[in-house]
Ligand SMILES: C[S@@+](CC[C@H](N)C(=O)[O-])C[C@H]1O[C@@H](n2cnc3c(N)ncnc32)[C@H](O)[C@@H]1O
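Presented below, as structure tokens, is a lone chain in the form predicted on its own.
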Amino acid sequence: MKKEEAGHNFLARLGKTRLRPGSKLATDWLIANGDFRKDKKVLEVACNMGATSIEIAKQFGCQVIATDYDEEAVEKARQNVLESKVEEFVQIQHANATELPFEDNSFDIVICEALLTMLPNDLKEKAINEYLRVLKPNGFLLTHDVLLLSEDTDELLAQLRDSLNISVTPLTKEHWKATFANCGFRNVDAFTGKMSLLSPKGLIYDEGVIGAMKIIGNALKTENRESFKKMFKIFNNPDNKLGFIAICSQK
């Protein structure tokens, strides 16, 4: 991994198309709980390569605006939308999650995966308040992030930040739920499980056998091996007390 290259960019470079802590399993839970229909207007924040937005458009035929702060991710997402032939339904644009360029009460559903963990706690709340603002009354917020399974995690967080080159700030289940409630959301429901971003089972579930083999092949190249080994170890060590949390809440 290049010096200071963020972990999600490193994994994308290896060929990982889904960069979420709970893999497609958590994303599918969010979609199942979001009351998606053709007439719903959807916002995805931090869409990365657009996989979730494309899936939603294909499954429900609803209008999706997908945003990301990373210009390279925006371009990749636009290419993927064209290749998937869903440009009629999905619009990709550059935007900052903490200053969304949309009017109040604009969307029925907001979905955001693997972003809030990467924000300091004050910016977490700023982003969540933005989601609340742009949601219509009774609209759904669907989020998916890294879960801490213990309060005693200083050493773990240091290792995680070192492996990802990002000052991540994951929370416990109680703290995640309290954060959404404190920002004004109700009916905060959570689904949790084991971290599966780099587990063998998770890789195959997300990428298929051929995709998983491609990622491992790239990871074993000399220039990538040390960084991948570090990430693989921390994400798959059962003593690390890391998991995923998917949360469905309502305005």
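Residue numbers here begin at 1 and follow the sequence given. What you are looking at is a predicted structure, and each value in this text was computed from that prediction instead of being measured.
The protein also exists as the form predicted in complex with this ligand; that form is not presented, and the subsequent description refers to it.
*Asks:* Give me the residue from Val86, Ala95, Leu171, Val134 that has a heavy atom within 4.5 Å of this ligand in the predicted complex.
*Replies:* None of the others qualify; the residue that does is Ala95.
*Asks:* With a 4.5 Å heavy atom cut-off, would you call Met231 a contact of this ligand in the predicted complex?
*Replies:* Contact check for Met231: no, nothing within 4.5 Å of this ligand in the predicted complex.
*Asks:* Give a yes/no on whether Leu156 approaches this ligand to within 4.5 Å in the predicted complex, heavy atoms considered.
*Replies:* No, Leu156 sits far enough from this ligand in the predicted complex that none of its heavy atoms falls within 4.5 Å.
*Asks:* Does this ligand get within 4.5 angstroms of any non-hydrogen atom of Ser53 in the predicted complex?
*Replies:* No, no contact at 4.5 Å.
*Asks:* Quick check on Leu19: any heavy atom within 4.5 Å of this ligand in the predicted complex?
*Replies:* Output for Leu19 is yes: heavy atoms within 4.5 Å of this ligand.
*Asks:* Which one of these stretches, 171-179, 135-143, 75-83, 95-103, sits within 4.5 Å of this ligand in the predicted complex when only heavy atoms are counted?
*Replies:* Stretch 95-103 is the one.
*Asks:* Along 100-133, which positions have a non-hydrogen atom within 4.5 Å of this ligand in the predicted complex?
*Replies:* Residues within 4.5 Å: Glu113, Ala114, Leu115, Met118.
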